[in-house]
Ligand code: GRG
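Given as structure tokens, the chain that follows is alone and in the form predicted on its own.
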Amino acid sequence: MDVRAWLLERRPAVDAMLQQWLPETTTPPSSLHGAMRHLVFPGGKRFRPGLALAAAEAVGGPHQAALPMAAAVELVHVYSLIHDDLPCMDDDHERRGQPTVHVAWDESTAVLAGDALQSLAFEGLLRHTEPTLGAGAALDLATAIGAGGLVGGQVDDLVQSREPGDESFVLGIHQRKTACLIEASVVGGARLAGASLEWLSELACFGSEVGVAFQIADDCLDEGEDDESCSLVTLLGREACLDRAESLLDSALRRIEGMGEEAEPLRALARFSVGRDA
């Protein structure tokens, strides 16, 4: 399966929902709305939204059922990128081939744009889903990005940049900062498609393992860059990291062996997360 082609095929529906949710730049305050849109369009590969859609298909539902989750996780992902790029965090000046939000506007606008994107993710998710399923998906997402998830991982990532930790500490950062949102994407997409509790449990483990493997693969892709403080490569070496990512991928794929052909896009996305070259 050509994963990039599959993502391109699904992308217009995700982008249409994002366009529907995001305020136009002509709507006051225009600076805030322009900053909110800055990294959403044209955006990246839409990998996390793709996982949500593929998970819906894997449990026998239409991928359209997961579109609100797909849009919500992309907004949360962009919010996290905007905040990661801030001078008080990683102080990056370029993202997705263009100036970061705090460079294109200013630091305060970037902070507020990230805040507004996070809020919009939950508003859109809850407005466009059946109440019970939507509440469950919103809980999945909230749990993934709070102090026990993405935000807590970012805190320890900042500690790691000053005082490098051991393997378990780095893996803990990867689990929270990266894998939690990937897990929420998978579980939330499947939940909105009516997945059973048994499959939701298996998919949570699948998403967690794929998420850590994804970040380890990123460590390997980024080898040689200046900032490698939170990287297993510096602790274990490239070959050991590649072996660890493959082991996690194999474990994740075994968890969904019982799913049918409908789960092949989800399997392919998991393989892509480890085998990609960019």
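Since the model is a prediction, treat every value here as computed from it, not as a measurement. So that there is no doubt, residue numbering starts at 1 and follows the sequence shown.
From this point on, the text means the form predicted together with the named molecule, which you will not see here.
For the candidate spot formed by 45, 81 and 178, every residue has a non-hydrogen atom within 4.5 angstroms of the named molecule in the model of the complex. Although the partner is absent here, residue 276 sits close enough that one of its heavy atoms falls within 4.5 Å of the named molecule in the model of the complex. Under a 4.5 angstroms non-hydrogen atom cutoff, the named molecule in the model of the complex has residue 151 among its neighbouring residues. Taking the partner from the other structure, the named molecule in the model of the complex has a heavy atom within 4.5 Å of a heavy atom of residue 77. Using a 4.5 angstroms threshold between heavy atoms, residue 89 counts as touching the named molecule in the model of the complex. In summary, the region of this chain contacting the named molecule in the model of the complex, judged by heavy atoms within 4.5 Å and restricted to 136-144, 94-102, 185-193, 202-210, corresponds to 94-102.
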